[in-house]
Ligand SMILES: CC(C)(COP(=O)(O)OP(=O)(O)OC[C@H]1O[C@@H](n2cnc3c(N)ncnc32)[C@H](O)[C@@H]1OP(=O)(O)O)[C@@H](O)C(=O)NCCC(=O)NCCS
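Presented below, as structure tokens, is a lone chain in the form predicted alone.
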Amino acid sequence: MAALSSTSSVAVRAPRPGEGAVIAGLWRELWEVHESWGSYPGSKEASAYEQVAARVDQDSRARGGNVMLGRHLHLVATLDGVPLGQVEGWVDRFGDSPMTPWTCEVRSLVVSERARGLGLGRALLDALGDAATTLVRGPSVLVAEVLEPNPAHTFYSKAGYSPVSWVARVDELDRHVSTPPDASTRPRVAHPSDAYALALLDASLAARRRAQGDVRFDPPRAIDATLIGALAARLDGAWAYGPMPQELVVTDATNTLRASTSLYVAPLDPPFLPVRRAILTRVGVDAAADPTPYLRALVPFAAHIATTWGARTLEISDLSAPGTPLHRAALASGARPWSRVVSKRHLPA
């Protein structure tokens, strides 16, 4: 094709049937560079990308030229009619409060190396935001998780995105399973009787999220009998290694509940290699306590459960900024900086 330049015609639209193989090629380019940054490995088998191509073509036929298919958004950017960039988004709402906006998660944003610097990435993000606000008929919050070694941090910053949450990762979970517990802490699965204490920790977590500018979730709620009852019902019948998510807590020497988290273990979809990903999310810690001993207790306990489900690594999400006590506690538990979540509010045109 002709050499690409800033005078080339850029357009953003829904993918069309027959473009699946081209878009799968963009995915392969994305996963290969992500793997070089330490992310989960992608398949090297052509058959994996043939499956992706078939799925994209099937979805494109179902879309009928629309970027929306339910809550799934898919857009391609073309230069002179040739698809050289793509982005997917998933729209969801993480709460019940009318103050909680809809969120559009940016997924698999990639521009072919030979077309970078020509505005395709920014055009894709802007169009994704427009599609999300159209779908929800109001403002939306666009969020993207960016690996720490990824140079896209600069790109997102220039596009108006700000970090609102951080993630650390524990590698080689097998090494952490046998870590001896501190005698002053006791990790365990949450019980229905923990509902009131969990409600207090949830309120602390909600306040921390808001202070960091993370508005994806509900603000702090009033703690009343309805909330306590709902939490207790959700925890009723919980047991170790049971259905995901597992709600985990840590108590201190006086049996006071000081920290809580939710553990998820789920397989990654192709074209990732078939591995299981474990995530500790909703990390709530007593604001008056040093979080270090409690995360040091949670990580080996979560590692034990996660390894029984086949996971080999563990991500700790919902962390505050580097240098804060919670972030330092995650690193002290054996994790390393992994990624950050960046966010931007998108208003209807």
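Predicted model only: the values in this text are computed from it and were never measured. Sequential numbering from 1, following the sequence displayed.
Omitted from view is the form predicted together with this ligand, to which the following refers.
Heavy atoms within 4.5 Å of this ligand in the model of the complex belong, among the stretches 162-170, 186-194, 92-100, 107-115, to residues of 107-115. When contacts are judged by a 4.5 Å heavy atom cut-off, Y264 does not count as touching this ligand in the model of the complex. Proximity of T154 to this ligand in the model of the complex falls within the 4.5 Å heavy atom cutoff. Contact check for G119: a heavy atom falls within 4.5 Å of this ligand in the model of the complex. Looking at V146, you'd find a heavy atom of it within 4.5 angstroms of this ligand in the model of the complex. A heavy atom within 4.5 Å of this ligand in the model of the complex is found for one listed residue only; from S204, T134, T251, N150, this is N150.
With the partner removed from view, the residue among A48, V33, A289, L69 that has a non-hydrogen atom within 4.5 Å of this ligand in the model of the complex turns out to be V33.
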